[in-house]
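Below sits a lone chain in structure tokens, taken as the form predicted on its own.
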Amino acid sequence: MILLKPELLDRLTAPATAQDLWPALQQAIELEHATIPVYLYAKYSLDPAKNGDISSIIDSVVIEEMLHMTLAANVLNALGGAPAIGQPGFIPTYPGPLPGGVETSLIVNLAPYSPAQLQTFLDIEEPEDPLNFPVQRVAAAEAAQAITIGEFYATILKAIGLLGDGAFVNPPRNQVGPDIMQESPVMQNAVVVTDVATAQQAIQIIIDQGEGTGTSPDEIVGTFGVAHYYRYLQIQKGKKLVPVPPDNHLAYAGDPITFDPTGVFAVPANPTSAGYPTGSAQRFACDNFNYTYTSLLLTLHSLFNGQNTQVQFNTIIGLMMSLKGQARAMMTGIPNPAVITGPSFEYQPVNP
């Protein structure tokens, strides 16, 4: 599991004003985003004809991470804050730790899909008390002071209740709700935050989708389906998680999920734009991808800061489709199969 710095809980245990929650909610946005490039890189590296089930599972988690960013931004806006998404430091450096982490041994890489990369996904999504894979990776003294992601969100949940409805901006401001994202079934779960109840509802969705609602085999499937950790665990087990008669207890006994190593494109790990020669086709492709990705973040920043129009959301969908197309062309060597390029997910506000 990811362990976070205890200072992230500063000002949350007894918040005096809504502003006391702003840093934690900004941290939540950054943390939810930080996994997206890692998951996408692995997804893009898979040949869907050979590893379609794995690609679909990763894609389902990515979409929910985007929802979590939206939910955290809605809560921050409802409390008078302003999400910061378009600045250079928002994108993590890979390889490296996730934002706010103290678990120095968990270094996250931009890497093609592999069983080892899947284990990293499991490490990222592992709940506080998982059914399997109990892991201890940090020194005892450091671990005693650290907090889990579950504790982080649980403390935010409690702090929202302590503030009361009077802390929320009236009328609601800069909310991204289902009316704006009608084309995405998952994003229909975006909660318009107006008070304690709706703010806690938004945070609870993040908890339920990320960690699940419980730790027994029959509690890990909640309103939103299988929590992320157990969704990824299906890949490692090689079977889908399904209820098994006669008692309908959950087990990894469903349709097989197979991994074909020949269905992974030969892309590098942890590419950088600067690592490709100036003037080369690879440098051009990488810069163009990074420019599109940065444009996506800047558009999200505008959306979360008041420009919440359907046109803005449609622009985001278009940029996401462009990223997918560019990444697939880069990783499969289009137009030159001998030239494979890895998208580096770096801040690139201007395309040189």
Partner chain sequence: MSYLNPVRLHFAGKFQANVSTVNNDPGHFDNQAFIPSYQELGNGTTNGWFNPQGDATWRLLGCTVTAAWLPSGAVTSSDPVLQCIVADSDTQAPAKLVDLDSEQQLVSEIWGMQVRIADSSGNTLMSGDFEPAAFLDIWDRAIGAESGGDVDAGATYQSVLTNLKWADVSASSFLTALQEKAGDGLLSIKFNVDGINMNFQSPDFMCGRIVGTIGPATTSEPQHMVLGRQFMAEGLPSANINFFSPVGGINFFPAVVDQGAGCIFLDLGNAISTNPTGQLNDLGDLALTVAGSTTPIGTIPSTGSGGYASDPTWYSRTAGVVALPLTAAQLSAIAAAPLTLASSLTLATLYASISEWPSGAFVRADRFVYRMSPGSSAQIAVYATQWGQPLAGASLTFTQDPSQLQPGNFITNDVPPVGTPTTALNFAATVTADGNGLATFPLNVTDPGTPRYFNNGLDYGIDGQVYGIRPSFTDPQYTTGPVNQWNFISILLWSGFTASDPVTWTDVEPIFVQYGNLYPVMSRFLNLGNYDSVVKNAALLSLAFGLDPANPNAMPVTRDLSPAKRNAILSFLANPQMGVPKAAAEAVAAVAPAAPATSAKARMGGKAQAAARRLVLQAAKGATS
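Remember, predicted model here, so these are calculated numbers, not experimental data. Residue numbers count along the first chain shown, from 1.
Here the subject shifts to the form predicted together with its partner chain, a form of this protein not shown in this document.
The single contact residue among Asn305, Gln26, Ser55, Thr315, judged by any heavy atom lying within 4.5 Å of its partner chain in the predicted bound form, is Thr315. Note on the partner interface in the predicted bound form: the residue among Thr35, Asn51, Gln326, Thr70 having a heavy atom within 4.5 angstroms of its partner chain is Gln326. For Leu319, a non-hydrogen atom is located within 4.5 Å of its partner chain in the predicted bound form, even though that partner is not displayed.
Contact check for Thr17: no non-hydrogen atom falls within 4.5 Å of its partner chain in the predicted bound form. Its partner chain is not drawn, but in the predicted bound form it has a heavy atom within 4.5 Å of Phe284.
When contacts are judged by a 4.5 Å heavy atom cut-off, Thr13 does not count as touching its partner chain in the predicted bound form. Along 279-302, these residues reach a heavy atom to within 4.5 Å of its partner chain in the predicted bound form: Gly279, Ser280, Ala281, Phe284, Asn288, Tyr291, Thr292, Ser295, Leu298, Thr299.
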